[in-house]
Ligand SMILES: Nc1ncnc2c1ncn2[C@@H]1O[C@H](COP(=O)(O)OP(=O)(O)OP(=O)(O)O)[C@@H](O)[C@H]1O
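Just the one chain here, laid out as structure tokens, in the form predicted on its own.
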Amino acid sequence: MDIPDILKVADEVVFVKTGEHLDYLQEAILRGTLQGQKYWKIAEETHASEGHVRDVGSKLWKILSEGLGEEITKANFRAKIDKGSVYQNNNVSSPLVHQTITVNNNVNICPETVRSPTSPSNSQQTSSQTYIDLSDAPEIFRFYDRTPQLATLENWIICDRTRLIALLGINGIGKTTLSLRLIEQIKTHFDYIIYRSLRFSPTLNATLTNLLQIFPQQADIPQNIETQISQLLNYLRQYRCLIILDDVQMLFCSGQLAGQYKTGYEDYQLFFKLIAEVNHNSCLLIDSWEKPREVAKLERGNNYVQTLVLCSLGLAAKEILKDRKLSDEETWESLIDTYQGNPLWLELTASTIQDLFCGSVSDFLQCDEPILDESLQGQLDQQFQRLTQQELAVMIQLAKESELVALPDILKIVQLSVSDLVNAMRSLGMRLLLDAKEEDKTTFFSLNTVMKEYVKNRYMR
């Protein structure tokens, strides 16, 4: 049995004895015990005193001992689990039965127990069902291995109780796919899971109204933004919720430095800030091409804010080429490196290889420069149309460079003031368009091969 399964059994035993589910600290104590952690370490990770953790742990072991008819302690819990004696002696008839997970556009009968962690003391008891609304989500047909990233997100959300997570990555890297796969992995921990795309730039008023309609209404939905946010935060305390907002970059201006909100959309900045700072029991995951400025500020001093930048699929991208039935497998790694392990870029390039090179990756790689078909260039157009003139000037200069270049060297060449150059470089970094490498306490910059070829094709001919 793995840790989630063990926690489910413990939760059922506690529920039978007390009528309540495991709370956050009890679950952390069990998880920490299974991972061999001492009380002081569990206390450190849960921001509680060691004495309080010991008191809660002592009561928990007593409840489990009474429920299982056998003495359970922190010292022997792992051994009892490994021997299977806990399960063999557990003659309690669980009150939890197979429950229905309701999805907005599908209804699935879930064969596993759905557990809702206990909300803070000022909240109502959570629902025994998980409501999942994916009506706005694209259908995902294939998922290529992102095990480390999934593990990181799950740990942040389930163990660390992170309130705000920014999942960042260039167009096509797989942010949406990863987010939807994550739902499958952690759905039993939530009462509500909601996915919404901001691709059409809805106002915050429209987004909040849409979200509030999901929950059981005790009053009319207010029109005032502040009251809407307050009402949503109450729901986030009352229930354990995972809300995913995709395409957040569509809230930002084109032709301005990264992360600057369009006129009329500035309220999102306050919304994200409150999600991070106000105590609640839920998580907001935002997907974007650009890093919101408030996230960059918040994560420096807030343990409940995290950023994950999604990069190359690595060798897992070979599955894409295998699906496309390309030949010359010994050259696939080179193709993956050239196209940065970006799933969309590789899909589009694989089509070109099939159509024009009879599926031969080796023949395709004989070309002196990376080939960017019109579809791939169109994808990059969407991002480059957002750049300022200063940012574009930097990209053009970096495309000319054959070696890594430091900021002072760029300043000597590009016709920009120090202030404009620094702002442009920081903005390009927030857009994830630069490769940076630190050597001898100096940061050097470059463009990857695809970006360099794109800039040459579009702006230097």
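Quick caveat, the model's predicted, so the values are computed rather than measured. One rule holds for the numbers: they count along the sequence shown, beginning at 1.
One more form of this protein exists, namely the form predicted together with the ligand; it is left out here, but the text below deals with it.
**Prompt:** Heavy atoms within 4.5 Å of the ligand in the model of the complex: does Phe384 have any?
**Reply:** No, Phe384 is distant from the partner.
**Request:** Give a yes or no for Arg142: in the model of the complex, does one of its heavy atoms lie within 4.5 Å of a heavy atom belonging to the ligand?
**Result:** Residue-level check for Arg142: yes, a contact with the ligand.
**Prompt:** Taking heavy atoms and a 4.5 Å cut-off, does Leu365 contact the ligand in the model of the complex?
**Reply:** No, Leu365 stays farther than 4.5 Å from the ligand in the model of the complex.
**Message:** Check Leu344 for me: does it contact the ligand in the model of the complex (non-hydrogen atoms, 4.5 angstroms)?
**Reply:** Yes, Leu344 lies within 4.5 Å of the ligand in the model of the complex.
**Request:** Heavy atom within 4.5 Å of the ligand in the model of the complex: which of His189, Arg196, Lys74, Lys175 fits that? Just give me the one.
**Result:** When the ligand is considered in the model of the complex, the option within 4.5 Å is Lys175.
**Asked** Pick from Asp247, Asp373, Glu299, Asp267: which residue has any heavy atom within 4.5 angstroms of the ligand in the model of the complex?
**Response** When the ligand is considered in the model of the complex, the option within 4.5 Å is Asp247.
**Request:** Using a 4.5 Å heavy atom cut-off, indicate which stretch of 275-283, 313-321, 290-298, 227-235 touches the ligand in the model of the complex.
**Result:** Of the options, only 313-321 has residues within 4.5 Å of the partner.
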